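Have a look below at one chain only, the form predicted alone, in structure tokens format.
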């Protein structure tokens, strides 16, 4: 006897055997019990979710010798004939190959004839969206008012292609993707019936490959059986499907959390040596990290569909990474996939994993936020509100001194923890470009003034900025500017810092007079603000200013 594939062998024969579509089977069962059946149904949904199987069960329920009944016997001649596909009163039509107007007219003409032996004639039109517009129009009147002995079931994966005039004349049932727990139960049940021995982790990989389709899931299991025999090993599944085992994905996420760049690069090397598809690994890694993020953000919302065992492992790992770290890792690996499609696969993957594990290597705000997330996860960094501290201005001729920090208290009357717990002056300096960019987004003038300042000291929650020109220091040290800068530092570094602006002579050699410094400060400030606003002086004016600077400061003489 010829071999029968698993999805055909274990095709549902009753409404109770249809997996994951209780909202459909319950409604149809009630309609049969109460004799309230509609004359035309539209079954929509992804492939392999039970649309055609449900249509056949409905035909058996109508024509069973014990019926109409919600539980057909599957042993009477009518049920057996429908199951075998040779009942002349249950007609299945593939609209993909019989969708023309002539085919529909022929079907329409046959509808008028009474059933040969069954109680009702049932027409199951599969892939009905493939019917031409002319075909649908020829069918319209028949669907609207069919004879009493006829019932239509239309099945499609693309309901948006069905004419509205047909949709309004049918009862629509939407079949959904089958959930992972239900698919896992199906695999375990079929494996038991077939005498299969499954290693731990096999069911998870088979369900992931099935992607919500019961038929595809059983087809995958069929393929694996042909390779491994009755003892299905995890390695056999990986070899057949090219899938990435959960253990490897868990290891990847742990290495990112630990900042272990070397370990990640070795992992990529292992994948390459084993001949694994790095694109598939990137896809699986993104999906794994996304699942961890969903479990962090909404652990009780049921957003992660998987088997109970895998859900427990994901939940345990979700707490080992910060939320911002996870989001950045997902973004990096998702962007990496687009680059991998253009050719080189290994280098973009290595770079993405390294950046995810080492946020300090990048100066962008997302990387800084990820680093702060990691610092908080490992030890905690306080986020006190911006304190109020007077601005210290030191003339160019005086020595720079930083006053002792005053006590800072949060709105909850608790002493603010020192920023040294996570933020130091080195981090501020590395983050300064991001601070300047954020300042320019808030105010072009503030960005231009702040660009001449440099962070020189961080004590407790007080950041000292050194300026060459008093004009810049006065502007950045105003109450409004300090409040804005405190907010920017909170966004970039995760800690609101108070600003202290000091002024020193930034040049070398002979000291300049206050008048000279003030004059240069005005020139520089005016130029920077003009550049920021896009209002640069014309060429003649710029030339004149350059000559004035050379003659005034360097003693130059115009000879021609």
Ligand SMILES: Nc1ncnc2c1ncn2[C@@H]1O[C@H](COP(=O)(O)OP(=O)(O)OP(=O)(O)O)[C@@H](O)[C@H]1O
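Positions refer to the first chain, counted from 1. Note that this is a predicted model, so its numbers are computed, not measured.
Separately, the form predicted together with the named molecule exists; it is not shown, and the next lines address it.
Student: At 4.5 Å between heavy atoms, is residue 218 in contact with the named molecule in the predicted bound form?
Tutor: Yes, residue 218 is a contact residue.
Student: Is residue 63 near the named molecule? Define near as a heavy atom within 4.5 Å, in the predicted bound form.
Tutor: Output for residue 63 is no: heavy atoms all beyond 4.5 Å of the named molecule.
Student: Does at least one non-hydrogen atom of residue 95 fall within 4.5 angstroms of the named molecule in the predicted bound form?
Tutor: Taking the distances in the predicted bound form, the answer for residue 95 is no, it never comes within 4.5 Å of the named molecule.
Student: Looking at the partner-bound form in the predicted bound form, is residue 46 within 4.5 Å of the named molecule by any heavy atom?
Tutor: Contact check for residue 46: yes, within 4.5 Å of the named molecule in the predicted bound form.
Student: Would you mind picking the one in 427, 153, 255, 186 that has a heavy atom within 4.5 Å of the named molecule in the predicted bound form?
Tutor: Answer to the contact question: 186.
Student: 107-115, 297-305, 207-215, 445-453: which one contacts the named molecule in the predicted bound form at 4.5 Å, heavy atom to heavy atom?
Tutor: In the other structure, the partner sits against 207-215.
Student: Within 14-48, which residues come within 4.5 Å of the named molecule in the predicted bound form, counting heavy atoms only?
Tutor: Sequence-ordered list: 17, 18, 19, 21, 46, 47, 48.
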